[in-house]
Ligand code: NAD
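In structure tokens, the next block holds one chain alone, the form predicted on its own.
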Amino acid sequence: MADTTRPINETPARDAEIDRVFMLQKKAFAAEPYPSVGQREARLNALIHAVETNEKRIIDAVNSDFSSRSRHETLLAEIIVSVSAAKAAKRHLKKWMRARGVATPVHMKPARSRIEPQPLGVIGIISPWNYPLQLALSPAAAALAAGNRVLIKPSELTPATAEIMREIIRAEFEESVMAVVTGGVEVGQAFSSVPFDHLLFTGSTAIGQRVYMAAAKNLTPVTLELGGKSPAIIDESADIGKAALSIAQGKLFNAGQTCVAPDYVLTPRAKLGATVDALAGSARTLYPEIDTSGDYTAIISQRHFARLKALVDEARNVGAKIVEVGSSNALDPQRKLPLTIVVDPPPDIALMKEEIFGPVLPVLSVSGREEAIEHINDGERPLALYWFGEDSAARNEVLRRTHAGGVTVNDTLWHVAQENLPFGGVGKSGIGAYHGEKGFEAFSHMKPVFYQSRFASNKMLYPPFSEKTDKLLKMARKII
């Protein structure tokens, strides 16, 4: 995810308020460290109710923060995904909470071994601005399902949504169960320094590193959902038109302000022109009038709008071919930037080094699959990878030889919407994962428990050692 936070100051602010709510939740958890299935289901129902009964308020707030945010995008990516996460957790809760038996070695029988999920305590969630509701409440659903208390710090770049979230959570939950604290960068710094039992951060790699360092002082375990330059690979066997439509949709959803948006395209050299034409045509089909259409989302702030235009200007100044699907100059007041295709830009400009996080799309020509794989492996491991084609052998080779947090084949974005697939990064694109059962486990201590049998013969291995001990050890070595 693009770096969207101003430099963190050295002096934390509002420590007292954060500490007050944290200690309230800590004490409440100590008094009730293992909520029942019924209690957890009730909390998930309250979360669902909070979202569903405030749908219009949420849509209006997100739209206000962006100045123009597609209602349908908010419905899909904020409302539906958040509710889906809570409903899926409720549906599988009894199964997830059960202790899981694991095999016990022959030489330790008749003892038993089990893994017993246990709530961790108080979970901290630092959520970003690009999907301000979903990326706060989806992990919150997993944390509540696991039996924890939850404290959320939303982004200061979406203040209207943060305030609505604070209000609807306060209406449904006691502060001791779940609460939202709002504020700027200093509050975020103070938040990341709290000794949570687990901390989840979604945002840029640069800020994620700072959060990681702050959490490390308390040895707080973290889940970091970051970002990176996620590639879309068009194989020789792909239908260019179909691939281009999927890539354009994934790139232009939320105006490219998505951590798993395709960051650049790798296409066969002989098909470069056709790929560029197909991408431009797809953008026109999806969004014929971006300046007047409510379907197309604005860039979050003037600062980010200027950042994106600067990336394009640098590429233009070094001679790269620029294809603008519409006029960007006329849209400055609305901060609506059309799909801007940059053809074969040089590798040393900012566009090719930074996560773009907007509707600017480099299209690179490659000689074939081998060069595409080498290009991906020469960079940091991305949060997502997209492959288009019909050649299963080529697909499998790319999947085997590259690393990415998640993959969608012959489409974009959709792996993130699957509650049964873990969502997280690898390398600099993130640490850990959540969604579905993986989220339940991330916010639980999966406690190993060994139940010794009263018929156990292990006392024969206690000192003082003897020749009989040697014989027993010799026998044990044969059966392990």
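Start at 1 and count along the sequence shown; that's the residue number. Bear in mind that the values here come from a model prediction, so they are computed numbers and not experimental data.
There is also a form predicted together with the named molecule; it is not shown, and the following applies to it.
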One stretch from 400-408, 231-239, 98-106, 352-360 that, in the predicted complex, holds residues within 4.5 Å of the named molecule by heavy atom: 352-360
In the predicted complex, the residue from L385, I341, I207, I164 that sits within 4.5 Å of the named molecule by heavy atoms: I207
Sole residue of T223, S82, S282, N130 within 4.5 Å of the named molecule in the predicted complex, by heavy atom: N130
Non-hydrogen atom contact G184 with the named molecule in the predicted complex at 4.5 angstroms: yes
4.5 Å heavy atom contact, D197 to the named molecule in the predicted complex: no
The named molecule contact in the predicted complex: F423, any heavy atom under 4.5 Å: yes
Partner proximity in the predicted complex: C259 to the named molecule, non-hydrogen atom cutoff 4.5 Å: yes
The named molecule in the predicted complex - contacting residues of 197-222, heavy atom within 4.5 Å: F201, T202, G203, S204, I207, R210, V211
